[in-house]
Ligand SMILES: C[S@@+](CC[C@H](N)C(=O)[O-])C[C@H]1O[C@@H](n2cnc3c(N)ncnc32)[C@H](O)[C@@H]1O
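As a starting point, one isolated chain is supplied in C-alpha coordinates, in the form predicted on its own.
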Amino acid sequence: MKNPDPHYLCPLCNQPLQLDVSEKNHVCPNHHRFDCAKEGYLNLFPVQFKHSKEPGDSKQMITARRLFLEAGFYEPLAKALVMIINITHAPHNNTYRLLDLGCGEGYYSRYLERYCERSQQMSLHGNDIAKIAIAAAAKKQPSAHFVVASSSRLPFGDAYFDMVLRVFAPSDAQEINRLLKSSGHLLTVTPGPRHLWQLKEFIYKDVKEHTEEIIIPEGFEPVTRQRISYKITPNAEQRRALLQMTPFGWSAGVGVQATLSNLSELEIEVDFMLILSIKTSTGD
(Lines give C-alpha, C1' and ligand atoms only; values in the text may rest on other atoms or scores of the structure.)
Protein backbone atom coordinates (compact mmCIF):
# COMPACT_ATOMS: atom_id res chain seq x y z
CA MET A 1 0.00 0.00 0.00
CA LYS A 2 1.22 3.48 -0.86
CA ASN A 3 1.53 5.93 2.01
CA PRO A 4 -0.98 8.82 2.15
CA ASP A 5 -0.66 11.15 -0.80
CA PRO A 6 2.07 13.78 -0.35
CA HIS A 7 1.27 17.44 0.00
CA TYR A 8 2.39 18.66 -3.41
CA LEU A 9 2.51 22.33 -4.32
CA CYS A 10 1.35 23.69 -7.65
CA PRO A 11 4.44 24.51 -9.77
CA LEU A 12 2.64 27.49 -11.32
CA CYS A 13 1.34 29.34 -8.25
CA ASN A 14 2.88 27.46 -5.30
CA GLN A 15 -0.52 26.73 -3.78
CA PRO A 16 -1.37 23.30 -2.28
CA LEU A 17 -2.56 20.62 -4.67
CA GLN A 18 -5.44 18.32 -3.78
CA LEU A 19 -6.39 15.01 -5.35
CA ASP A 20 -9.85 15.41 -6.87
CA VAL A 21 -12.75 13.04 -6.16
CA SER A 22 -12.07 11.03 -9.32
CA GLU A 23 -8.46 10.49 -8.16
CA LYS A 24 -7.35 11.23 -11.73
CA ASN A 25 -6.16 14.82 -11.27
CA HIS A 26 -4.48 17.11 -8.78
CA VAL A 27 -5.91 20.61 -8.66
CA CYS A 28 -4.95 23.79 -6.78
CA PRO A 29 -7.21 26.65 -5.53
CA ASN A 30 -6.38 28.56 -8.73
CA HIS A 31 -7.70 25.64 -10.79
CA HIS A 32 -4.39 24.57 -12.25
CA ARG A 33 -4.86 20.88 -12.96
CA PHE A 34 -2.33 18.07 -13.32
CA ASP A 35 -3.22 14.58 -14.49
CA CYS A 36 -2.19 11.41 -12.67
CA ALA A 37 -0.30 9.16 -15.07
CA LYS A 38 -1.40 5.54 -15.41
CA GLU A 39 1.98 4.46 -14.03
CA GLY A 40 1.21 6.31 -10.80
CA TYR A 41 3.45 9.38 -11.05
CA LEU A 42 2.61 13.08 -11.30
CA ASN A 43 4.13 15.46 -13.85
CA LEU A 44 4.77 18.82 -12.16
CA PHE A 45 7.30 20.11 -14.69
CA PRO A 46 5.29 22.49 -16.91
CA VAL A 47 6.40 23.01 -20.48
CA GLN A 48 7.21 26.69 -19.85
CA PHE A 49 9.94 25.63 -17.39
CA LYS A 50 11.65 23.28 -19.84
CA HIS A 51 14.70 24.14 -21.92
CA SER A 52 14.07 21.29 -24.39
CA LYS A 53 11.16 19.14 -25.51
CA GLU A 54 12.28 16.05 -23.57
CA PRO A 55 14.78 17.13 -20.89
CA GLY A 56 16.89 14.68 -18.95
CA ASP A 57 18.18 11.26 -19.88
CA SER A 58 17.05 9.56 -23.07
CA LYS A 59 15.25 6.21 -23.25
CA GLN A 60 18.54 4.61 -24.35
CA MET A 61 20.38 5.96 -21.29
CA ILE A 62 17.62 4.86 -18.92
CA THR A 63 17.50 1.36 -20.40
CA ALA A 64 21.28 1.11 -20.16
CA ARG A 65 21.28 2.28 -16.53
CA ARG A 66 18.67 -0.28 -15.53
CA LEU A 67 20.54 -3.10 -17.28
CA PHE A 68 23.82 -2.19 -15.59
CA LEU A 69 22.51 -1.43 -12.09
CA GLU A 70 20.26 -4.47 -11.87
CA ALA A 71 23.29 -6.63 -12.66
CA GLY A 72 24.42 -5.65 -9.14
CA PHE A 73 27.64 -3.78 -9.93
CA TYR A 74 26.75 -0.86 -7.63
CA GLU A 75 25.14 -2.97 -4.92
CA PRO A 76 28.00 -2.34 -2.44
CA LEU A 77 27.16 1.36 -2.71
CA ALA A 78 23.46 0.68 -2.19
CA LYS A 79 24.27 -1.45 0.88
CA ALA A 80 26.37 1.38 2.32
CA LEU A 81 23.47 3.80 1.85
CA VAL A 82 21.15 1.40 3.67
CA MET A 83 23.59 1.14 6.60
CA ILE A 84 23.86 4.92 6.93
CA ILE A 85 20.10 5.40 6.72
CA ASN A 86 19.44 2.63 9.27
CA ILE A 87 21.70 4.43 11.75
CA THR A 88 20.29 7.87 10.95
CA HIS A 89 16.63 6.84 10.94
CA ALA A 90 16.05 6.40 14.66
CA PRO A 91 12.77 4.68 15.64
CA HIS A 92 9.90 7.10 16.13
CA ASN A 93 6.16 7.17 15.58
CA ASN A 94 6.12 9.69 12.76
CA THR A 95 6.54 8.91 9.08
CA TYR A 96 10.13 9.34 7.93
CA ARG A 97 10.16 11.15 4.58
CA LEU A 98 13.10 10.59 2.23
CA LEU A 99 13.63 12.21 -1.17
CA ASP A 100 15.77 10.46 -3.79
CA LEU A 101 16.88 13.58 -5.65
CA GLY A 102 17.33 13.05 -9.39
CA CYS A 103 16.31 9.43 -8.90
CA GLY A 104 16.40 8.34 -12.55
CA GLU A 105 14.69 4.99 -12.98
CA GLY A 106 14.59 4.41 -9.22
CA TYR A 107 17.24 1.76 -8.51
CA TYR A 108 18.28 3.16 -5.13
CA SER A 109 14.69 3.85 -4.02
CA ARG A 110 13.78 0.23 -4.69
CA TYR A 111 16.84 -0.97 -2.81
CA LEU A 112 16.04 1.20 0.22
CA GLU A 113 12.47 -0.04 0.37
CA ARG A 114 13.68 -3.64 0.19
CA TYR A 115 16.47 -3.49 2.76
CA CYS A 116 16.08 -0.57 5.18
CA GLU A 117 15.19 -1.82 8.67
CA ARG A 118 12.25 0.55 9.16
CA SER A 119 11.07 0.88 5.57
CA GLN A 120 7.44 0.52 6.72
CA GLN A 121 7.79 3.86 8.50
CA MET A 122 9.45 5.44 5.49
CA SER A 123 7.68 7.50 2.85
CA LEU A 124 9.90 7.30 -0.23
CA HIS A 125 9.81 10.05 -2.85
CA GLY A 126 11.74 10.52 -6.06
CA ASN A 127 12.04 13.26 -8.65
CA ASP A 128 13.66 13.61 -12.04
CA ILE A 129 13.22 15.92 -15.03
CA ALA A 130 13.10 12.93 -17.42
CA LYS A 131 9.47 11.80 -17.69
CA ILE A 132 10.46 8.46 -19.16
CA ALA A 133 12.71 7.76 -16.16
CA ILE A 134 9.99 8.62 -13.65
CA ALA A 135 7.46 6.48 -15.53
CA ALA A 136 9.88 3.52 -15.34
CA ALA A 137 10.50 4.12 -11.62
CA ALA A 138 6.81 4.43 -10.75
CA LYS A 139 5.87 1.32 -12.69
CA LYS A 140 8.51 -0.71 -10.87
CA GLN A 141 7.78 0.70 -7.37
CA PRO A 142 4.09 1.61 -6.98
CA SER A 143 4.47 2.05 -3.20
CA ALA A 144 6.69 5.13 -3.60
CA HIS A 145 5.82 8.67 -4.73
CA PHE A 146 7.46 9.79 -7.97
CA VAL A 147 7.15 13.18 -9.60
CA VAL A 148 8.54 14.79 -12.74
CA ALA A 149 10.10 17.99 -11.40
CA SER A 150 13.30 20.01 -11.54
CA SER A 151 15.68 19.65 -8.59
CA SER A 152 15.93 23.45 -8.49
CA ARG A 153 12.14 23.89 -8.21
CA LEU A 154 10.63 21.06 -6.20
CA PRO A 155 6.87 20.91 -5.52
CA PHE A 156 7.04 20.31 -1.76
CA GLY A 157 6.51 22.57 1.23
CA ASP A 158 9.25 23.86 3.50
CA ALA A 159 10.79 21.39 5.97
CA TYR A 160 8.92 18.46 4.39
CA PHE A 161 11.71 15.86 4.37
CA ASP A 162 13.80 14.13 7.02
CA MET A 163 16.49 13.14 4.51
CA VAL A 164 17.55 14.01 0.98
CA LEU A 165 19.60 11.41 -0.89
CA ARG A 166 21.69 12.75 -3.76
CA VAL A 167 23.52 10.13 -5.87
CA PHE A 168 25.45 11.68 -8.77
CA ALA A 169 22.60 14.17 -9.19
CA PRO A 170 22.58 17.93 -9.77
CA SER A 171 21.07 19.94 -6.96
CA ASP A 172 20.31 23.40 -5.65
CA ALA A 173 21.74 24.09 -2.18
CA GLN A 174 19.01 26.56 -1.19
CA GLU A 175 16.29 24.17 -2.30
CA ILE A 176 17.77 21.29 -0.30
CA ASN A 177 17.98 23.55 2.75
CA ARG A 178 14.37 24.62 2.28
CA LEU A 179 13.07 21.07 1.94
CA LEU A 180 14.80 19.56 4.95
CA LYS A 181 13.47 19.69 8.49
CA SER A 182 15.56 21.12 11.29
CA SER A 183 18.36 18.61 11.94
CA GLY A 184 17.44 16.81 8.71
CA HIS A 185 20.16 14.94 6.80
CA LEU A 186 21.68 15.23 3.34
CA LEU A 187 23.37 12.05 2.09
CA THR A 188 25.56 12.75 -0.95
CA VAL A 189 27.41 10.39 -3.29
CA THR A 190 29.96 11.68 -5.78
CA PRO A 191 32.64 9.96 -7.91
CA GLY A 192 35.82 9.05 -6.04
CA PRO A 193 39.27 9.86 -7.48
CA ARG A 194 39.60 6.60 -9.45
CA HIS A 195 35.98 6.12 -10.51
CA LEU A 196 35.79 4.26 -13.86
CA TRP A 197 39.48 4.91 -14.45
CA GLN A 198 40.04 2.16 -17.03
CA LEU A 199 36.98 3.25 -19.00
CA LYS A 200 38.26 6.82 -19.10
CA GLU A 201 41.65 5.64 -20.36
CA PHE A 202 39.99 4.51 -23.59
CA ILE A 203 38.35 7.88 -24.13
CA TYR A 204 40.78 10.58 -22.95
CA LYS A 205 44.47 11.08 -23.62
CA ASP A 206 45.04 12.76 -20.26
CA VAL A 207 43.08 11.04 -17.52
CA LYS A 208 42.76 12.99 -14.29
CA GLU A 209 41.51 11.94 -10.88
CA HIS A 210 38.31 13.36 -9.44
CA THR A 211 38.74 15.45 -6.34
CA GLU A 212 37.94 13.81 -3.00
CA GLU A 213 36.39 17.04 -1.78
CA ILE A 214 32.61 17.13 -1.53
CA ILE A 215 31.10 20.60 -1.31
CA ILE A 216 28.79 20.81 1.68
CA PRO A 217 25.96 23.34 1.29
CA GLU A 218 25.82 26.37 3.56
CA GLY A 219 23.87 25.61 6.69
CA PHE A 220 25.08 22.00 6.94
CA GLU A 221 27.80 20.26 8.91
CA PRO A 222 29.43 16.91 8.01
CA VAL A 223 28.60 13.92 10.21
CA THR A 224 30.32 10.98 8.51
CA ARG A 225 32.53 10.51 5.46
CA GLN A 226 33.22 7.24 3.66
CA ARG A 227 35.05 6.06 0.54
CA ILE A 228 34.04 2.82 -1.21
CA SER A 229 36.36 1.39 -3.86
CA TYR A 230 36.36 -1.99 -5.60
CA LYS A 231 36.70 -3.54 -9.05
CA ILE A 232 34.12 -4.94 -11.44
CA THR A 233 34.39 -7.03 -14.61
CA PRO A 234 31.29 -6.37 -16.73
CA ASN A 235 30.77 -8.30 -19.96
CA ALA A 236 30.62 -6.62 -23.38
CA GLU A 237 26.89 -5.77 -23.16
CA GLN A 238 27.30 -4.42 -19.64
CA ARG A 239 30.30 -2.32 -20.68
CA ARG A 240 28.22 -0.78 -23.46
CA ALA A 241 25.45 -0.04 -20.95
CA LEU A 242 27.93 1.53 -18.53
CA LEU A 243 29.27 3.76 -21.28
CA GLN A 244 25.76 4.81 -22.37
CA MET A 245 24.59 5.65 -18.84
CA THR A 246 27.51 8.00 -18.14
CA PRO A 247 28.55 11.34 -19.68
CA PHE A 248 31.45 9.41 -21.25
CA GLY A 249 29.00 8.11 -23.84
CA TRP A 250 29.02 11.56 -25.50
CA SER A 251 32.82 11.55 -25.74
CA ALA A 252 33.41 7.99 -26.91
CA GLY A 253 33.65 7.74 -30.69
CA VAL A 254 32.54 4.75 -32.75
CA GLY A 255 36.06 3.33 -32.70
CA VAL A 256 36.31 3.49 -28.91
CA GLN A 257 32.89 1.88 -28.51
CA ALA A 258 33.86 -0.94 -30.87
CA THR A 259 37.13 -1.54 -29.03
CA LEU A 260 35.38 -1.71 -25.66
CA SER A 261 32.77 -4.11 -27.05
CA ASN A 262 35.37 -6.43 -28.58
CA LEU A 263 37.52 -6.82 -25.48
CA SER A 264 37.33 -10.31 -24.00
CA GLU A 265 37.59 -8.84 -20.49
CA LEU A 266 38.13 -5.49 -18.81
CA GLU A 267 38.51 -4.92 -15.08
CA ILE A 268 37.21 -1.47 -14.09
CA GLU A 269 37.66 0.40 -10.83
CA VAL A 270 34.59 1.94 -9.21
CA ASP A 271 35.17 4.55 -6.56
CA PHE A 272 32.55 6.45 -4.54
CA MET A 273 32.71 9.23 -1.96
CA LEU A 274 29.83 9.31 0.54
CA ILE A 275 29.18 12.09 3.01
CA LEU A 276 26.35 12.49 5.47
CA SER A 277 25.62 16.06 6.56
CA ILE A 278 23.14 17.49 9.06
CA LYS A 279 21.18 20.70 8.67
CA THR A 280 22.27 23.19 11.30
CA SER A 281 20.60 26.40 10.13
CA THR A 282 18.04 27.77 7.71
CA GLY A 283 20.77 29.03 5.38
CA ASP A 284 19.07 32.44 5.11
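Everything numeric here is computed off the predicted structure, so don't read it as measured data. One-based numbering along the sequence shown.
One more form of this protein, predicted together with this ligand, exists but is not displayed; see below.
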For this session: Taking 4.5 Å between heavy atoms as the contact cutoff, choose which of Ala136, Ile129, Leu98, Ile85 touches this ligand in the predicted complex.
Result: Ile129
For this session: Work out which of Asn177, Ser150, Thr188, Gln141 lies within 4.5 Å of this ligand in the predicted complex, going by heavy atoms.
Result: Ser150
Exercise. So in the predicted complex, does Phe161 come within 4.5 Å of this ligand, heavy atom to heavy atom?
Worked result: no
Exercise. So, in the predicted complex, is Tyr115 in contact with this ligand at a 4.5 angstroms heavy atom limit?
Worked result: no
Exercise. According to a 4.5 angstroms non-hydrogen atom cut-off, is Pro155 in contact with this ligand in the predicted complex?
Worked result: no
Exercise. Is there any non-hydrogen atom of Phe168 lying within 4.5 Å of this ligand in the predicted complex?
Worked result: yes
Seminar exercise, completed: Assert contact_stretch over 142 to 150, 177 to 185, 192 to 200, 117 to 125 against this ligand in the predicted complex, heavy atom within 4.5 Å, equals 142 to 150
